[in-house]
Structure formats: structure tokens, C-alpha cells
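Just one chain is shown here, as C-alpha cells, and it is the form predicted alone.
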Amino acid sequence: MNGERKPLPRPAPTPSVWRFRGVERLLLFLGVLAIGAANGAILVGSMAAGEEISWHAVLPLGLFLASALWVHGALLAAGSRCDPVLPALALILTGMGLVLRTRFGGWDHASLTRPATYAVPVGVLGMVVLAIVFRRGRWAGLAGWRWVCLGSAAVLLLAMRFAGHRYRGGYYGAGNTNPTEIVKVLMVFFTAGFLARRGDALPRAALLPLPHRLYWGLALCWALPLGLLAWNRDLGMVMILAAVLAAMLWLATGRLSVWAGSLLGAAAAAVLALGVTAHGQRRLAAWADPFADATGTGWQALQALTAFYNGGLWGRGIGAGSPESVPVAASDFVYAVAGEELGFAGCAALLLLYGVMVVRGYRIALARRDLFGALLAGGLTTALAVQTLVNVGGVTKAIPMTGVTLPLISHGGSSLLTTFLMLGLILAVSDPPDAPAPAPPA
């Protein structure tokens, strides 16, 4: 021993933000190729049919390029280390939705006075702003607004019941907007704040046979919005929120028994909402036997199944289908249009993209050390996952149709804006609060 101390090993250098977001650039480049090919197929089909081509025909590709440059450039400039996969997948799904809706006029881009025209650019802008503003632990300050969120959800649902108008079995606002989409975010905020504040008191034993008093308090708080949603005939939202509550209770306790009990309660709430109300009974009857009223309540389901049959394995090709034969093709049944033009393979690819988004969302939730951040990301991810499953299940006749849109692809300004808001919050949670200062790019 000569008394000399060995130097401590140097920590691994932190990759620069440019290198960290390299996966995002690659996915966006692949998205440009996919959206460009789909947009080109529509142009070729229009020219072959002798239709006049205008600059509006390339708007889906142009809007995707502008969104990709804005998202990637803004996150780079801010030094954000949020998840690099979620933004790219969200933009690719949105771009495919724009192509499909432009194909049959579901996106009225020529009408600059309609608010829904600006849903995509405003939503993309909001997603990036939320991801930057609430990053690095700043989302924790939102926990104090839990009671405001619960009260806002109840007031909004009451307002829609008495001030909204009936449309396609539900209640909508001016311009057939659906402001109750934001109830998903409000209830996730409330539940995350409620459970995080009582983290030390959360029971770690089974839910049954003696439920903890914490569950009774949470159940009473949830009874009002769920009851109002059922009263407003928004059965799809009831199913989504019931599943969200079950998932958040499992994330908070880590007990499968709690998850199983909550899931049984969620299933009971969904069955009750469908079986008790007259609106739900009609949907159940149309699902069980659509041929009983083939030109009425069963028409949508039968036309959707016909579209899937015509698409086969590889589809008829973008622009070669007959989306005008599918009722409400722009919103609720856009997945049937994808089935006809992209085939089973294309539909499987879309579900794969959704699956990757969901997995990334749950990884973000499980990686957070604070309970509020984990519940926030997990609850929002569950809402996106269940909404996707409910829409796809309804269109393919696996479950009764509930009028839920397909996230990012279906037409609907309220749904698109809410989905981008949810993704922005998930991205904010994914930016670690103890992230070191990024090294300068090489």
C-alpha cells in the first residue's frame, strides 16, 4: 500500500437531448412515409376517377409534417426528457385518422369556421405545452385541486342534462360537441389526489368481505358522476370510468384482490347501465340479434361487418372502399372503414400502435416513486386503453355498441382535444423530476 487513493469511477455520461429523442425522429420519419403513401393513394384514385385535384388533397400530409416538426422541435428546445415514443405514435395515429376522414369527407378542412377543423393543431399544441409546463415533478401541485375536479365534473354533467340537446341518443352541447369528454380527466385527477393523500391509510388486505371505510368514501364520491352519466345515457363513459377506478385502486394498493373486487363492481355498473335503461336495452337487442331490425337498430352493425368482410386480409386499398355505406363512419365506425380499406393486417397494425402506447403509459406509471404521479399516468392510460377496446369491440360486434369514439382517429373535436390533453399529462409525468441537466449535443 503506497497510500495513494484510487480515483472514483466516472459516472456514465448523460446522453444529449438530441440523442435521447432519436427514437422519436425515427418513428416520425416512418410516419411521414406511411401518411405520404396513404395520401398518395387517395390522390391517384381521385385522378383515375377524373376528379379535380386541389391543394386541400395534401392537407393531411401537410398537417402531419407541421405537427411533427412542432412537437419534435419544441421538445428539443425545451430540453424535455419525456417519453420519446408516445408523441410519435400519437401523431401517426392522428395522421391516419386525417387520411381516412378526408377520404370520405369526414374532416371538413375547407370550412374554416367550424371549431372541429382546428381540433388537431390546437390539440397538438396543447399536448406539448402540458408536457413542458408540468414536467419534472410540477404535476404534483395538481393534487390539491381534487375536490374542484369532482365538483366541476358534477356541474358539467348537470349542465349537459338541462342545457344540452338530444343527439343520437345522448346529450350534446352547441355544434354537437361533447364537453363531457373532459370528465375522464377530472375524475382521474380527483381519484389520484384522493388516494395519494391517504396513501398511508390504504388497506393492503383483501377488499372483501369487509371493505375498508376508505372505499366507502370513494364510492360515495363516484356515485354522483356515474349516476349523472347513466342519466345522460352516456353508457360508454360509464364503462370507461368504472374500469379506470378499478385500475387506479389496484395501482394504489398493489393487491389483485382489490383489483378483482373493483373490476367486478365495474362490470356490475356497466351491466346495470345497459340492462336497466331503455336506451341500453335497445343497444343490447341490436347487439344480440341485428337481423331482427336489419334496416333500423341493427343497420350499423351489419354494415360494419360487411365492410370487414369486403376488406379481407389485406384490404381493398386506401380510396378503394365504400365508406359511404357505413353509418356514422367518420366517428363511431371509422374502424370499420379501416377494416375495408386496410384489411385485417391494417387493423392489426393500428391495434399494435395502440398497444405500444398503453404499455409505455403503464411503464411510466410504474416507474414513478410518488403515488399521485403513478395514479395520474395509470388512470389516464387506462382511460385511453378502455376507450379503444370499447370502440373496437362495439364495431366488431364483440360487445354492444356504446357510441364511444376511437382515440385520435375518429372525428370529433372534443374527443381529440381531450385525448391530446391526456397524452400531454402522461408525457409530463414521464419527465423524471430528478433529471440532470442534459449534456450539450456532440
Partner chain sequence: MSKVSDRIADLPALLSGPSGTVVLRAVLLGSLAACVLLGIPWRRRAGSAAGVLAGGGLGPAAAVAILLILGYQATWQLTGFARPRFMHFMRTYDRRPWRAADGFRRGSLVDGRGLRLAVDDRGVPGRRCYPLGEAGAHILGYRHGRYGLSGLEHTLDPVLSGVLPLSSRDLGSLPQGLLRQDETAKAAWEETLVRLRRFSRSALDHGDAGGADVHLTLDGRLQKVAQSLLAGRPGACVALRPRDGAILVLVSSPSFDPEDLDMESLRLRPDAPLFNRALRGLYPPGSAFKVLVAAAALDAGLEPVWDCPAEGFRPGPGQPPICDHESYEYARRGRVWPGRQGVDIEAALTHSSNAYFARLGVALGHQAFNRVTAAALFNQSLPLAEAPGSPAAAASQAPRILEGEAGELAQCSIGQGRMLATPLQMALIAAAVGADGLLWQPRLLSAEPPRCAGRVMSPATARRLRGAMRRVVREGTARRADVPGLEVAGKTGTAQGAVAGDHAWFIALAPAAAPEVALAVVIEHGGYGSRSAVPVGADLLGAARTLGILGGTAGGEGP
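Residue numbers count along the first chain shown, from 1. Here the structure is a predicted model, which means the values were calculated and not measured.
Beyond what is shown, the protein has a form predicted together with the partner chain; the following relates to that form.
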Legend entry - Contact test, all of Pro60, Arg146 and Ala196, partner the partner chain in the predicted bound form, heavy atom 4.5 Å: no
Legend entry - Per-stretch contact check against the partner chain in the predicted bound form, the hit in 315 to 323, 227 to 235, 72 to 80, 129 to 137 (non-hydrogen atom, 4.5 angstroms): 315 to 323
Inset, instruction - Tell me, yes or no, whether Pro121 is in contact with the partner chain in the predicted bound form, where a contact means a heavy atom of each within 4.5 Å. - result: no
Legend entry - in the predicted bound form, Pro87 touching the partner chain (heavy atom, 4.5 Å): no
Legend entry - Interface membership of Tyr309, the partner chain in the predicted bound form, 4.5 Å heavy atom rule: yes
Legend entry - Arg101 within 4.5 Å of the partner chain in the predicted bound form, heavy atoms: no
Legend entry - Listed residue (Leu220, Ala163, Val155, Ala345) with a non-hydrogen atom within 4.5 angstroms of the partner chain in the predicted bound form: Ala345
Inset, instruction - With the partner chain left out of view, choose which of Met401, Ala68, Leu389, Leu416 has a non-hydrogen atom within 4.5 angstroms of it in the predicted bound form. - result: Leu389
Inset, instruction - For the stretch 361 to 379, return the residues whose heavy atoms include at least one within 4.5 Å of the partner chain in the predicted bound form, in the order they occur. - result: Tyr362, Arg363, Ala365, Leu366, Ala367, Arg368, Arg369, Asp370, Leu371, Ala374, Leu375
